[in-house]
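In the structure tokens that follow, the same protein chain appears in two forms, which are kept apart as structure 1 and structure 2.
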Structure 1
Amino acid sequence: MLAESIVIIGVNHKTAPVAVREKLAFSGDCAGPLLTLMQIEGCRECCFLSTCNRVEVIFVASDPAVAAVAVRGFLFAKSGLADDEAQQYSYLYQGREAVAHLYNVAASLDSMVVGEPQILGQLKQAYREAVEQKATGAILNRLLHKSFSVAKRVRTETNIGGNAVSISYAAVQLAKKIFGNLQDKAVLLVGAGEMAELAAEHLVRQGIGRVIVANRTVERAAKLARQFNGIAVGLAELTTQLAEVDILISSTGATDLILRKDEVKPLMRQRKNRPLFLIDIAVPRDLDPELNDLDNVYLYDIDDLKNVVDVNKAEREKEALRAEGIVAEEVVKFWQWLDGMELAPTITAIRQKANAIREAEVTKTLASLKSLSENERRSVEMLANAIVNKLLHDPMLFLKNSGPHDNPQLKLAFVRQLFGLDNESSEE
């Protein structure tokens, strides 16, 4: 059965620990792996995906069981693991399960962070490289394009990527709720560590107007500030800068508070009570909890943000359930297309389309020739029928007769495209 020729073998964060995944990591482009995979006997089409959490091969094979052993052998060739260990750490999906798995991967339902968008770009890149190496054909071209449209549908019809699930991004989303547009806003990053950098990346992506980095070591502040075309200052300038900015994100390693309520209170008069958003992601905390008592000061600490993230994760899980429903619908649609890729359904579909066109045109013609006798009307119908049969004769022979070097799926895909059989169901 054609559907059973679709197979996916791989390793991801769910099936193997990082110590195993790193042994399978492939560096560079996919050209080398693709060339090796296409030399596997019976492997007709393939696509090779390698990311930090996933290595998998999507392929179509004339003898899936034999090809699967060879593909798994290729994946684990440099791992030093025995075959039983390779089976233990890897997954194998075939037929309908393979299609569903690919759709889940594209829609980020199989990712470590559900809803993260990077995997779709990585899958598209893997497909581009497979096409460049001429490693795909009618089935994988269709399947991978459909996986992209399924991912788009999931993004459009659910809110799976709408809620922040990282502390730094949650902070930025809260800032957007307070200020709306961030483009004319200024942020003061206190501390120059990884959390400050991540927060700055998110803010810059949201179009933040100005970045200032304050740190005990000004050289470190300057290094981070350069990444975002910002300016660097020492910690001694903290309150001076605070009078000018809209957002402060603090993540120092200080053991005591670096900003207290009494220092900010006079600043708010100077700011004419313009809103000030304070995010404290340091442990121990950098900012005085009593700052929240001041009007127009909004202070969130790491626990507040964790609560936001936990709620958002729960929301994503709910959206994932809706997305799984979409994936199930789309798997059925792909199955219907695959069914059509068998010879008999394709011949039936061509005849049905041709007959529908013939009947419509004959009806239209006879309606304008009302003076014709019954025999003359029958002659017109016979003429139309004969033309259709003769026109279809050669395409039918082309489909039914196959040579030793023919690729049946490629031939069917070509004919179906020629007669526009899949146009109505296509959602690319």
Structure 2
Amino acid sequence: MLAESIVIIGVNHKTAPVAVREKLAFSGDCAGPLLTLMQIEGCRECCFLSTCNRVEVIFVASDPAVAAVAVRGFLFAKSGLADDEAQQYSYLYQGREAVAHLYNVAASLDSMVVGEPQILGQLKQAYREAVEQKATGAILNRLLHKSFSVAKRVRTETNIGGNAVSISYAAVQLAKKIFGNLQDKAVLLVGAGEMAELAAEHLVRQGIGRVIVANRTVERAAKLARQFNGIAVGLAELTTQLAEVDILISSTGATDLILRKDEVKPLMRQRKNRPLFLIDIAVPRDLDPELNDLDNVYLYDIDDLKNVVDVNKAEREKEALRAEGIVAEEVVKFWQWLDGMELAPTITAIRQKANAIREAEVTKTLASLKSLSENERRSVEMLANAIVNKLLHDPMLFLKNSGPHDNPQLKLAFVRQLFGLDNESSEE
């Protein structure tokens, strides 16, 4: 059956440890792998996806069982693993399961961090390359386009990507809740740790106006400041700078507090109560926890941010359940289309469409020709019938008779498009 010929074989973070994934790492573009895959006997269409957490081949084969062994052999060629080991580390989905899996991948339900949007871009890129290599056909074209629209639907109908799930991103999200627009805001980095750098990077990407770096060693501060087009200052200037900036990210290695409540309190008056967002990602902490008691001062330490992330992750899991419902629904829709890709349902669909048009037109015409006799009316009906049958005769022959070099799926897809049988898909 046609449906069973869709197969996905792959390796991801769930099925194989990184040691195994490393061994089959494919680098560069997909052209090479695609060429090899297309040479596998019976492999009619294929698409090759390779990211840091997954490598998978989506293909359509006339004899799936045989092709699967060959595809797996190709995937694990460099790893030195035997086929039974390769089987253990990889997954194989066929038919309906394969469609569901691809939708899950596109909608980022199968990712390490559920809801991360990068995978969709990677899948689109993989598809683009497969099209360039002419490796896809009627079925994969539709399946992959569908997977993109399913991902879009999941994104708009659920809140799966709505909450920040990394510490630095959670800090950015909070900053936005406090300040709204970040464009005219300034951030002061105290200490030049990796996490502070990451948070600053996120903030810059969100359009933060100014970056100031304060560090014990000024060279390090200057280096980091250059990276963000900002300025470097000495640690002694901390309070002077604090009167100006809106966000402070602290990550020094100091063993004692570097900023206390009674130092900031007078500054708030000077700031005319403009809010101040303090992020303390140092352990032990840099900032006095009591700072949070001041009006318009919001202090978050690393544990607070972790809590935000945990809550958000739980929220995403909940949204993922809703997303799975959407995927299940879309799999059923694809199945209906695939059923139509068999010969008989397509012929029926064309006949039904033609008959519906004929009946509607005849009824409309007869309604305006009330003077006709019964015989004349019957003649009009017969005329319409004859035209429809004669017009359909050749397309039907074209569909039923296949030559030795024909690709039946391509033919079906072409005819279905010609007669507009899948109009719902033309909106995409």
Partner chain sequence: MTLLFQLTLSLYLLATAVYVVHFLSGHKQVRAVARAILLSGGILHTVYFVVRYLAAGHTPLTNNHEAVSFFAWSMTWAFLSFWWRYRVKNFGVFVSPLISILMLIAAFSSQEMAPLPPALKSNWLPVHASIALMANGFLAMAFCGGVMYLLQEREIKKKKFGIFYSRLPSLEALDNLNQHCLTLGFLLLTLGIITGSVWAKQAWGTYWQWDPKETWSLITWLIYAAILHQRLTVGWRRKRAAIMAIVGFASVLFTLWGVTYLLGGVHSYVG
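The first residue in the sequence of structure 1 is number 1, and each one after it adds one. Rigid core (definition): largest C-alpha set, two forms, superposition within 1.5 Å. Keep in mind it's a predicted model, so treat the numbers as computed, not measured.
Asker: Which depiction, structure 1 or structure 2, is to be taken as the form predicted together with the partner chain?
Answerer: Answer is structure 2, the other one does not fit.
Asker: Assign each C-alpha to whichever of the two rigid parts fits it better between structures 1 and 2, then report whether T240 and A77 share a part.
Answerer: T240 belongs to a rigid part other than that of A77.
Asker: Quick question: how big is the domain rotation between structures 1 and 2, taking the chain as two rigid parts and the angle in degrees?
Answerer: It comes to 8 degrees of rotation for the smaller part.
Asker: To one decimal place, what C-alpha displacement in Å is found for L257 between structures 1 and 2 with the rigid core superposed?
Answerer: With the rigid core fitted, the alpha carbon of L257 is displaced 2.6 Å between structures 1 and 2.
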